[in-house]
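Here we start with a single chain on its own, the form predicted on its own, put down as structure tokens.
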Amino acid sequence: METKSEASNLRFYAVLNAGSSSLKYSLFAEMEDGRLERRTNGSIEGIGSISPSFTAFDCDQYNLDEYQWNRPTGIGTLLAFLINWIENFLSPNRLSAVGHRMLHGGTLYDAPVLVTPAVLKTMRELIPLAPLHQPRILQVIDTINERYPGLCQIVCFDTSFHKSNPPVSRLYGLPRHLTDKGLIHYGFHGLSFEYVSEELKHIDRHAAMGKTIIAHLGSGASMCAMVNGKSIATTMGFSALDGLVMGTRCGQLDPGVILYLIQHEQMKPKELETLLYQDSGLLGVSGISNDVRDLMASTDPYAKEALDLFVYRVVRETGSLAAACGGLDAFVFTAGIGERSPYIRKAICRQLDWLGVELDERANNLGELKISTVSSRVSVWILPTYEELMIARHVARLSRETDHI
């Protein structure tokens, strides 16, 4: 692959998002006026499978490079490949800092932090709160530390945005000694909500600083209620399983169901984990797919039932979040389903007419920025999320503040 960069005085930031089966990256250049421009992005998919694959795109989202492994390949080898690729792309320039999306910050972190030995120790102690995600992210951080000693690494927590929730809203009805151990309501998708809320300020200040609900509707889905631009309630709780029905996750579930599965179905913890995270949600209810597009194309009644359940849960949670806000001024759709499915948006808005939502069907079908009518008491918006850019902004700011650049 030919080098895509020329020597410059620009600063370059890599953003890494390590999932259970994928490793996504984005590379940003900080321009002289402070703007962050994405130069390339891509991912390694199928980690843990027989044949993982790498795909890279340029700044215009045209295919830039790809590679396929023909055998199972460990994360260490895959990460080394990605680091080499980024180095070659950047040469003769170098990375100034790396940012990571960290799922869980526990009760300690309410803002992005510089990675230090003490921070790493604390994050390892948080692994029980996010056992599927935290170890992989820490492995990536460790690998970069070994390869680039002294390189600034910054972690941005998906839970931080919700630290402004009132204390009472974070409690479960559990004995105090369990609450003190961190069994509380955290909330997730915070980087997405933070980005969308900042963008909304540039579009409609009243909506951004009023009583607003943001619906992050993707394979993972949650909603956030904001007042004056700050999160006051969210649908996910202790884990990313709670709240809405998702692609493969169950959403809100009576704890008695878990007791039943343990006592009468003899399910083990690992089996329960697989059931709740991978086999439930739209996939489990429909028995067909976790993809809304597949379900919409199907004539199977279970496919429609899965879609109806997805909409019902969003509508019901909207009522709860509107109560937490004391009213509603604006509603924002974001993430894959929220941004791309006129059908889902319409189905949700039609059931929110009691709140004063009036949908402009033409604007909705065209996917315009504002999709509510002029007379709608609640303004309704479609705003694409961009978690990677939000992380890059934090990295640029914090790396400067800590004198690592």
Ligand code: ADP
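Position 1 is the first residue in the sequence shown; the rest follow in order. Model, not experiment: these values are computed from the prediction.
Omitted from view is the form predicted together with the named molecule, to which the following refers.
Proximity of residue 291 to the named molecule in the predicted bound form falls within the 4.5 Å heavy atom cutoff. Although the partner is absent from this view, residue 379 stays clear of the named molecule in the predicted bound form, with no non-hydrogen atom inside 4.5 angstroms. Contact between residue 218 and the named molecule in the predicted bound form is found at the 4.5 Å heavy atom cutoff. Remark: residue 335 counts among the residues lining the named molecule in the predicted bound form, judged by a heavy atom distance of 4.5 Å or less. Note that among 64 to 72, 30 to 38, 338 to 346, 367 to 375, the stretch whose heavy atoms approach the named molecule to within 4.5 Å in the predicted bound form is 338 to 346.
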